[in-house]
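This document opens with one chain alone, in structure tokens, the form predicted alone.
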């Protein structure tokens, strides 16, 4: 392609995320791919923009320089002047002066000046064209002080002033003028272009684009690293949500490394792993990285590029991320401070956003692309073996290697195209001690729930999405004695069962069919059939990840069994104990008499204190389900609040007066022989032990103390000390047990952990 006197690269217009990208292939261009440094590049872009519509300009070489919508508009406005001036014949004789006069001797110079400013220079350097125009206007005004000269120059001055107005109506010249008036002397215009056209740079083999705002206007709240990538959390002065900025190493490499990466990816791109290979990606990842390392070494030698072993390894990890991995999403999925990642349709129109465990919903600086979305869908479809098309517009799947659940929707359900939601599961389960430390629950509330687990009560945990109910369920499972067999049934694998096995729990997981997005020939077992199977798997505590539909009837069969001596735990969506009854009975067709098999309903909820923008997860209600009611538990006194949250105090408070009406404590008394005093001594012992863990964790700045691998053995020791007293004395002195446990925990257990940490 040839424009003017220049041979230039090919270009294409591609629509993505509702925006038209004007992409120039600069790989074989004889000029540099820089709008700021190279006037020929600038001339090419402006000329093409006069012919096509575009929202963004992309200069693609080894890496891509992306110019955003505003920057593209600056150039587009200039490009529209060129055909406008040509059509109006700016340099025609009528605009050069009065014909048939002595002015004609100036026509040649005036013609050349008008052609230069409005046709040639405007494409190469529009700011310089404007400066040249201003200089000519100034010169002409001085000359026109001579009346004879002025008489034949009126038309010429009019066209100069017209050009000035046209230039100054463009945003680029308006902004440049603000800078120029502050300067004592005219600068090299190249420096001005740096002010307007700082490109977003990314490797050409990566689709996602990173956007960065001027950091001087932002307040840095946090900074940490994930997979060798920098993460920064900012507060914006004019935005409600925080900003999550990711800066992976592949976006800041020197050109020679970009070259090696691009060549390596071209070579390995022909490999297409099938379903079996994809399902084992986590296991085979290291294999692929080793293969890529050898390819990188070969390419670097062929092109005389020196790379250290560490650099080769880093580059192989990057290639693996964008071939057998999940691309830039893999870094986000590796940030376990995140709980959710969302990509709304149309992909690429808005940055993806995340939910951070400390900072809530955050907008990222990542613009995902439709090509990447299609690649991700293909990968998920191959790994799951499930369809995803207009007949099946939902794909729900667990990425077990990343402990993440993904839900994908497409047309016609999502009319604007494919969208994604990722829910990241905590690699290790939450513990009640961690919940105390995060103010989710009070020590007394934790002690009470632990006591109910110990006394085989049946419990439902309820709350809205993101309230922490599944995390709380996992923490309650950790309170089950390790000599108990546990059956855990989930349609989405959120409870870290594998980890629990590693720390000594006897736990069997059942995976059931997802409630949405499954094909008619789906081979997974339905929740109700799995639950019936669970009841036949022997004497076990039963944990149900989510009560959603017809399996509720089977659950209450299990709860009736549970009432005879086994723990039954489950979660269900709701916002109060009464809403749980309403949903179970009126929506899921469980008889009210069966609902009475529930002993306790625990409610979690996000709280916005004082109308604050911040959301804080809190346990807000522990309610006993009494048995002496018939139709409606609310109106017949069937719901007894044992603890209620007071937002003004940010505290879950014990409803002491209600304890006198409790039938659950009476039941526990009959099945265990514990007096009310002994029960509350046990509850307070549990409460104080967990408080002590939290106190030491904060004092020693040792967060690992509250992880399950350390809280479970500590709880086991407390139970063993209690058992020793029972065997020796036939009763328990809970204060004495707690004192002995504290001594052991601080002077033996924690000291051993600290010594181990020092060795590391």
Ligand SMILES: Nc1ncnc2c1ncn2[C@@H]1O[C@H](COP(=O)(O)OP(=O)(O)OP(=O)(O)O)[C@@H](O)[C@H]1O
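All values derive from a computational prediction rather than experimental measurement. Positions refer to the first chain, counted from 1.
Missing here is the form predicted in complex with this ligand; even so, the following discussion is about that form.
Asks: Choose from 464 to 472, 70 to 78, 110 to 118, 681 to 689 the stretch whose residues reach within 4.5 Å of this ligand in the predicted bound form, heavy atoms counted.
Replies: Flagged stretch: 464 to 472.
Asks: Would residue 170 sit within 4.5 Å of this ligand in the predicted bound form, counting heavy atoms only?
Replies: No, residue 170 sits far enough from this ligand in the predicted bound form that none of its heavy atoms falls within 4.5 Å.
Asks: Under a 4.5 Å heavy atom criterion, is residue 599 part of the interface with this ligand in the predicted bound form?
Replies: Residue 599: no, not in contact with this ligand in the predicted bound form.
Asks: Although this ligand is absent from this view, report whether residue 176 comes within 4.5 Å of it in the predicted bound form, heavy atoms only.
Replies: No, residue 176 stays farther than 4.5 Å from this ligand in the predicted bound form.
Asks: Answer with yes or no whether residue 322 is in contact with this ligand in the predicted bound form, where contact means some heavy atom within 4.5 Å.
Replies: Close contact is absent here: in the predicted bound form, residue 322 is far from this ligand, nothing within 4.5 Å, heavy atoms only.
Asks: Flag this candidate site as yes only if 405, 573 and 617 all have a heavy atom within 4.5 Å of this ligand in the predicted bound form; otherwise mark no.
Replies: Yes, the whole candidate spot contacts this ligand.
Asks: Looking at 624, 551, 494, 250, which has any heavy atom no more than 4.5 Å from this ligand in the predicted bound form?
Replies: Partner contact (heavy atom, 4.5 Å) among the options: 494.
Asks: Looking at 164, 339, 361, 295, which has any heavy atom no more than 4.5 Å from this ligand in the predicted bound form?
Replies: The residue from 164, 339, 361, 295 that makes the contact is 339.
Asks: Heavy atoms within 4.5 Å of this ligand in the predicted bound form is the criterion; list the residues of 437 to 453 that meet it.
Replies: 438, 440 sit within 4.5 Å of the partner.
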